[in-house]
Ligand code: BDR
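So this first bit is one chain, no partners, the form predicted on its own, shown in structure tokens.
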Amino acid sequence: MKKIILDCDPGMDDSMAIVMAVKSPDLKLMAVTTVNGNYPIEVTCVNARKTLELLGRADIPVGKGLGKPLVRDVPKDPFTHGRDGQAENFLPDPIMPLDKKDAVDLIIDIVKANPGEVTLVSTAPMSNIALAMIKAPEIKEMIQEIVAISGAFGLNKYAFLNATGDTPQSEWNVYVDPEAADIVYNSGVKLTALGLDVATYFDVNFNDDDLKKLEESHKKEAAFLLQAIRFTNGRGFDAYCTVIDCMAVAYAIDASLVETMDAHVGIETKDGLTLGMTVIDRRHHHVWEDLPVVSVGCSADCGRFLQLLMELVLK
């Protein structure tokens, strides 16, 4: 069973990532850490606890993380997840308290207590993870792997067609805190970056049979997903938007779902047209060897991904 910490910014798709992580028999969710991203930190740390209580897992600690990027102001997300940040499911306010430790210390302490065993699953800006590395640089050698919804690499038309950042070719998590992403990408920790090339694929959709199964289920999490799909479709977006962050959890469960390649990648931290871009150097000659090498998602088995998601939601 793989030990993971899920660092997230719920968000309807982060909420569904929590559902997958909790319900997978292959994962042990050690903690959920929250950060500013899709919504302010006061919303994301509430929504994480709402989701865990929905699943009857108030025993999993939730750490409240950074309320802003490392050095920047908080940008406004052009995409909305609804008035409650959860596709207007309006779950009950949580009863469970936040952990006494903040998100950064929770990450540090769990990694140190389980050296070489913890995978960080990042579905949000990397502010918490970067600060943990700054505060306790020794943990970098103790983290097994980082799996992140991060970047847009231009490997297919979806990478930039579905760009989620507020510059033409950026992904939201990197765009919000590019300095944090730069720290993590350059940390030396094994990093698998699942960019918009694989996480926003139009083939990640739900057919009529899927919707019927969700409607007929008595599971609260099935009702949550169904409402999220209806909310998203009602705003003119495809249903893949409800489960983007689930791809990272799915990869942690079964890495064969995504084909990856190693590549030199740099993060653009300068303001302007390219802020937040993940620039991949694929040249045969004159490659910038000083850029960090990370594993980049090239293609995903969308059918198997959706099958896994549905099985866990309905389980």
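Numbering starts at 1 and runs along the sequence shown. What you see is a predicted model; the values in this text were computed from it and never measured.
As for the form predicted together with the ligand, it is not shown, yet the points below apply to it.
The partner is absent here; in the predicted bound form, the one residue of Ile244, Leu191, Ile229, Leu131 having a heavy atom within 4.5 Å of the ligand is Ile244. Per the 4.5 Å heavy atom criterion, the ligand in the predicted bound form is contacted by stretch 166-174, the sole one of 94-102, 219-227, 180-188, 166-174. Residue contact check for Ile149: one or more of its heavy atoms lie within 4.5 Å of the ligand in the predicted bound form. Using a 4.5 angstroms threshold between heavy atoms, Ile107 stays clear of the ligand in the predicted bound form. Mapping the unseen interface onto this chain, Ala87 falls outside it, with no heavy atom inside 4.5 Å of the ligand in the predicted bound form. In the predicted bound form, Asn36 stays away from the ligand, with no heavy atom inside 4.5 Å.
Residues of 1-31 that come within 4.5 Å of the ligand in the predicted bound form, judged by any heavy atom, are Asp9, Asp13, Asp14 in sequence order.
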